[in-house]
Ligand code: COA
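Presented as structure tokens, the chain that follows is alone, the form predicted alone.
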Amino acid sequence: MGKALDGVRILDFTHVQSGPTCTQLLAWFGADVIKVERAGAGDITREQLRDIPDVDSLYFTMLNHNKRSVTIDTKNPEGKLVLEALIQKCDVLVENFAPGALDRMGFTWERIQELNPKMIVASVKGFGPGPYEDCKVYENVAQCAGGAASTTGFDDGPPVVSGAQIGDSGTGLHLALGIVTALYQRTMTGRGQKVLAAMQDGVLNLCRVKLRDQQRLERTGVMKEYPQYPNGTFGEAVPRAGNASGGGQPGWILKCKGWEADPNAYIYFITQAPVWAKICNVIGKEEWATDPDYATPAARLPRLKEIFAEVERWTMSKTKFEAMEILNKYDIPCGPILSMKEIAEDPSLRKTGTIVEVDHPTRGKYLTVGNPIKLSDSPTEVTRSPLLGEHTDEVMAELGYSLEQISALRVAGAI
């Protein structure tokens, strides 16, 4: 059985996280991803946050599976010729350089089109066209500029960034979708095109419900599902909402048995309207099912703190897994707060390939996140990340270079 992207060749000029997330996903779907790196150094994340001396870091290995690595000196005239040969042979060039870096290397959009009119050039940038487009952006900057931080945290505290890498990995996922869409369009037009995913735009896309709430706030001055209602005040902008779900189904994080010693002994609990009567029965407040102060969603909104306090009295008598087992019997929406240790050891995630153990020649065995998208006709096999320059000779031979030519290029410092 073939892979979904068999036959697609990607020239990977990415580094750190946003770009490598994108190209790794494409590699998992079968694309041949050729990662171009600096000789002697490579992607900066090879050495960042190392846990084993002189071994590629987990930061690098977990973002560069299923790829091939070549080292090329792009400032060397002969190295530039090698790069031109690669552009002519590849379908997509992916980069997340600082703005203008590709142009300064001599590979403007116009030059790339001369070499390969079918080439798709895909870029991650911090901002789209506008006053900030020349600014460098990193994960937390993107979260702040995209609206996530201002709406995360508790109302009486500062803005908070998320532990989820929505700026870097989130934008990489957006870019991957743009690339496969451009590849599909090329089958009809025969032409390449530019694909841009700005990190600010990607974060905002993931924060769209907060933009929804901004418009609701401007019209009504209040949002009843937020914890600020009914006693708090609303300003001109969407406030931080703590652990409220914000989706019309009130939810909150509640303590479970053992919370005093375990920082993750908590459960997320949603008071979904269709199962309200079941919730009342489970927590021993049967009278709330018919009491006019609690029987309807509208009546419950101003009393949510009281309701969750009562539910928490029940959850504190159970471990999060015991509570989950009971609540799921009654279709009451809930979810345990799982630590990274619990996730790493979860057998069901191993079975589905969401958590994968990989063997590396210098690191040994380590855990990584597998492909989060499962295709029935294109199963993913996660293979290790490449050593620096491991596939230079192999790729050069595929471009038609002889052993003597490869040796000469290496002597010249081009590769």
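Residue numbers run from 1 along the displayed sequence. Quick caveat, the model's predicted, so the values are computed rather than measured.
Not pictured, yet referred to below: the form predicted together with the named molecule.
Let me know the one among 148, 137, 119, 279 whose heavy atoms come within 4.5 Å of the named molecule in the predicted complex, would you?
Of the listed residues, the single hit is 137.
Though the named molecule is not shown, can you say which of 234, 97, 259, 308 has a heavy atom within 4.5 Å of it in the predicted complex?
Partner contact (heavy atom, 4.5 Å) among the options: 97.
Of 377-385, 36-44, 344-352, 358-366, which is the one stretch near the named molecule in the predicted complex, taking non-hydrogen atoms within 4.5 angstroms as near?
Within 4.5 Å of the partner lies stretch 36-44.
Any chance residue 16 has a heavy atom within 4.5 Å of the named molecule in the predicted complex?
Heavy-atom contact with the named molecule at 4.5 Å: present for residue 16.
Can you tell me whether residue 92 touches the named molecule? I mean in the predicted complex, with a 4.5 angstroms heavy atom cut-off.
Output for residue 92 is no: heavy atoms all beyond 4.5 Å of the named molecule.
Taking heavy atoms only, is residue 239 within 4.5 angstroms of the named molecule in the predicted complex?
Looking in the predicted complex, residue contacts with the named molecule do not include residue 239, since no heavy atom lies within 4.5 Å.
Tell me, yes or no, whether residue 320 is in contact with the named molecule in the predicted complex, where a contact means a heavy atom of each within 4.5 Å.
Contact check for residue 320: no, nothing within 4.5 Å of the named molecule in the predicted complex.
Using a 4.5 Å heavy atom cutoff, which residues in 193-207 contact the named molecule in the predicted complex? It's fine if the answer is none.
Residue within 4.5 Å: 199 only.
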